[in-house]
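The form predicted alone is given below as one chain in structure tokens.
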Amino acid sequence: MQFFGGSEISPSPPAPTATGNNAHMMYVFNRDGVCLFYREWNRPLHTLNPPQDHKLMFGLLFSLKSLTAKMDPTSAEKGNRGVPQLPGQGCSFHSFRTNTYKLSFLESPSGIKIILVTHPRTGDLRNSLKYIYNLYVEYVVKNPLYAPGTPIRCELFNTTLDQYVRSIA
């Protein structure tokens, strides 16, 4: 099965593109802003209040999406801010970088948002995020024991994700 074009999930993941240290953390949100998955790998400062951290991250994404839609120089129509768009539709952002981290973002057509926070020198992670989304579909969505909208508790997904994230960062 393939999503976002590209090759099947089984043969091999995209080649590692990162040049920095390990990934710090990853979030998966549904279209309603519910954090379905959160994982820390190499986060220097651990959060004291995870629910508050999740709300802040989703708020940041919502604000950045609204900002990029509003500033889009190619579209006179500024409605539907916050509504998921298909890849390639409208003005969207893929990542931003500060002096301490890089945030890479992917939103699926179904509204699933995957955020990977890495070292600031990490390269383009769009293909890696697409591969992670494919892992999500294969190991979570297709799992008959998973109820959509609930936190992700799938050991196979966790293990495969951990192995892949270690290979890219």
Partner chain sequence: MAAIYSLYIINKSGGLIFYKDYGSKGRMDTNDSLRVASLWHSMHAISQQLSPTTGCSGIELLEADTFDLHCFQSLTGTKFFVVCEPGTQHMEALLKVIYELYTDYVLKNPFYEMEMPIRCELFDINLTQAIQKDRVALLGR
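Keep in mind that this is a model prediction, so the values were computed, not measured. Residue numbers count along the first chain shown, from 1.
The discussion below concerns the form predicted in complex with its partner chain, not included here.
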Query raised in the report: If contact means any heavy atom within 4.5 Å, which of 127 to 135, 106 to 114, 140 to 148, 24 to 32 contacts its partner chain in the model of the complex?
Result: 24 to 32
Report task. Consider M57 of the chain shown here, and say whether it contacts its partner chain in the model of the complex, taking contact as heavy atoms within 4.5 Å. Result -> yes
Report task. Indicate whether P51 is a 4.5 Å heavy atom neighbour of its partner chain in the model of the complex. Result -> no
Query - Exercise: K70 in contact with its partner chain in the model of the complex, heavy atom 4.5 Å - result: yes
Report task. Check whether F37 has any heavy atom within 4.5 Å of a heavy atom of its partner chain in the model of the complex, and answer yes or no. Result -> no
Query raised in the report: Counting only heavy atoms, which residues in 92 to 106 are within 4.5 Å of its partner chain in the model of the complex?
Result: S92, F93, H94, S95, F96, R97, T98, N99, T100, Y101, K102
Query raised in the report: Once you compare with this form, do the C-alpha atoms of L161 and T47 lie closer or farther in the model of the complex, given a change of 3 Å or more?
Result: farther
Query raised in the report: Closer or farther apart in the model of the complex, the C-alpha atoms of L48 and L64, for a change of 3 Å or more?
Result: closer
